[in-house]
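Let's start with one chain on its own, the form predicted alone, as structure tokens.
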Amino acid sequence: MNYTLITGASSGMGAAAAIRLSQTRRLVLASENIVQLEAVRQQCVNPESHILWHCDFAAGRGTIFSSLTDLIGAKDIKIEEYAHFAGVSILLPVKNFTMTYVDKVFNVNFFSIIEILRVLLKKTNGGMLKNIVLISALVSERGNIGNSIYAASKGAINSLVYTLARELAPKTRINALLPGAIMTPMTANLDSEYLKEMEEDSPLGFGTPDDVVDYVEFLLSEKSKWITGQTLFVDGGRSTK
């Protein structure tokens, strides 16, 4: 049976995507928080048809390949679509970063993607991967004080999209979305003054996870069959400033 893999599915945009896409797909839902992940599965259509993948991208980068390979084999499934919502941001001046912080941000935001693709593009997955949607960020294209490492990890996603679009065509499409100020549990924990600046900097104000999921749904559909290698802004007009 064919499935859609959604990472970061336990909250925010990933959870919203899981609930929406469960209407038309069987899902593999991935997160380190197995309790929240199960809660999201119960909100999905036909929850019993979706599989949970418990994984810690921050600390367990070295186990991603074997863990996903084992899951595919044990469940006898193939993954046809992959949407990467897993992400972490540590807001600090670069002088205050330690390599532990840098590793955490890059492991979750970027290196986990590489490990997952190493599995999905091998014979283990039967050559079934047809579509990839990655979540980058507006700050990958626009500077933001205190967000340098996060921006760099998202910029790496953009470069990956541009190059893999050619490498994987015509069998597999790959695109990225660059959200702006989206209100999620991660952004809700930011400083109130910083949130106010984000909102004022966005002509249409804050977006919601569903505003991003609309575009994920489009990019995973046949309506976007001639689109690959693109980094699309979904930012309420913030990139126009």
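Not measured: the values here are computed from a predicted model. In this text, residue numbers run from 1 along the sequence as written. Here, rigid core means the biggest group of C-alpha atoms that superpose within 1.5 Å across both forms.
We do not show the form predicted in complex with a small molecule, though everything after this point is about it.
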Of these, 151, 72, 120, 135, which has a heavy atom no more than 4.5 Å from the small molecule in the predicted bound form? 135
Just one of 32, 38, 199, 211 has a heavy atom within 4.5 angstroms of the small molecule in the predicted bound form, so which one? 32
Using the partner position in the predicted bound form, report whether residue 230 sits within 4.5 Å of the small molecule, counting heavy atoms only. no
Might residue 52 be said to contact the small molecule in the predicted bound form, defining contact as any heavy atom within 4.5 Å? no
With a cut-off of 4.5 Å between heavy atoms, is residue 182 one of the residues that contacts the small molecule in the predicted bound form? yes
Partner contact for residue 88 in the predicted bound form: the small molecule, 4.5 angstroms, heavy atom: yes
Among 159-167, 93-101, 79-87, 123-131, which stretch sits within 4.5 Å of the small molecule in the predicted bound form, heavy atoms only? 79-87
If you check in the predicted bound form, do 13, 58 and 108 all have a non-hydrogen atom within 4.5 Å of the small molecule? yes
Against the rigid core, is the Cα displacement of residue 60 between this form and the one not shown at least 2 Å? yes
